[in-house]
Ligand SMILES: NC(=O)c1ccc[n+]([C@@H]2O[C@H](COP(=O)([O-])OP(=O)(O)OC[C@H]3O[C@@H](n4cnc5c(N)ncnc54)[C@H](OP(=O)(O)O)[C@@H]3O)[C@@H](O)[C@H]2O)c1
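So this first bit is one chain, no partners, the form predicted alone, shown in structure tokens.
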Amino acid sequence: MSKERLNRPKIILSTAISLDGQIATLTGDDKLSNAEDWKRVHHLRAKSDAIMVGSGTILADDSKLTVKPEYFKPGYSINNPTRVVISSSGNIPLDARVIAFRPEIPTIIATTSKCPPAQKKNFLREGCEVIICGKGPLVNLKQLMSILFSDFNIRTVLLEGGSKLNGNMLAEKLIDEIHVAIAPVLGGTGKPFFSLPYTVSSFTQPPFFEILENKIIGDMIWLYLRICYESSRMI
């Protein structure tokens, strides 16, 4: 384990993007994956201790964040990882499927002191765990990763977006690997893969990405990348 990961889980970012680097169109269409890519995603979920998304993903898609049995052979013992939702203000509806669907699967709401006390009580009443990470305006992601590691024994987190959370996790140097499937379509001025909280001024600016594996999956190209946050390229 690297020094940077001594007290936090391994973070794997998984997504599908268009040729021009969008995870969704401006109107919210994010149907990019084919059947083979969805199988890849669900097998990654089953191997992870937790799945993490931002509140925007829940509000847009009402995601369940579960593992679908149809992508596995009969009799396979499926692991449904803990669901982690980042919501700085606690703006997750109580009837969201990440809370209401399969309540026996643990759900953690990571928020800040901006979350109203009444909403925190509502989350707890619905069976969720609530982690307060800082005063805001955003969740302290490094603190959250440390708590997930030490208090919840979470060793692997599958990050599934969206744009702002991807960008903030990258800016905090918390992403270790990326699994990305590229679809032969255009997203236009939609939602980018990374919405970075800083300006990239040069292609010589880190982080850099090393392609460890690549293959064609149906009509998509899948890449497995490792990230280097240092000042020099790995290749």
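Don't overthink the numbering: it's just position in the shown sequence, from 1. Source: prediction; values computed, not measured.
Missing here is the form predicted together with the ligand; even so, the following discussion is about that form.
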{"item": "In the predicted complex, the residue from S89, S150, N79, Q143 that sits within 4.5 Å of the ligand by heavy atoms", "value": "S89"}
{"item": "4.5 angstroms heavy atom contact with the ligand in the predicted complex for T57", "value": "yes"}
{"item": "K164: touches the ligand in the predicted complex, heavy atom cutoff 4.5 angstroms", "value": "yes"}
{"item": "Heavy atom of D49 within 4.5 Å of the ligand in the predicted complex", "value": "no"}
{"item": "Exercise: D30 in contact with the ligand in the predicted complex, heavy atom 4.5 Å", "value": "yes"}
{"item": "Segment assignment from 101 to 109, 118 to 126, 156 to 164, 67 to 75: heavy atom within 4.5 Å of the ligand in the predicted complex", "value": "156 to 164"}
{"item": "Within 4.5 Å of the ligand in the predicted complex, all of A16, A24 and K191 (non-hydrogen atom)", "value": "yes"}
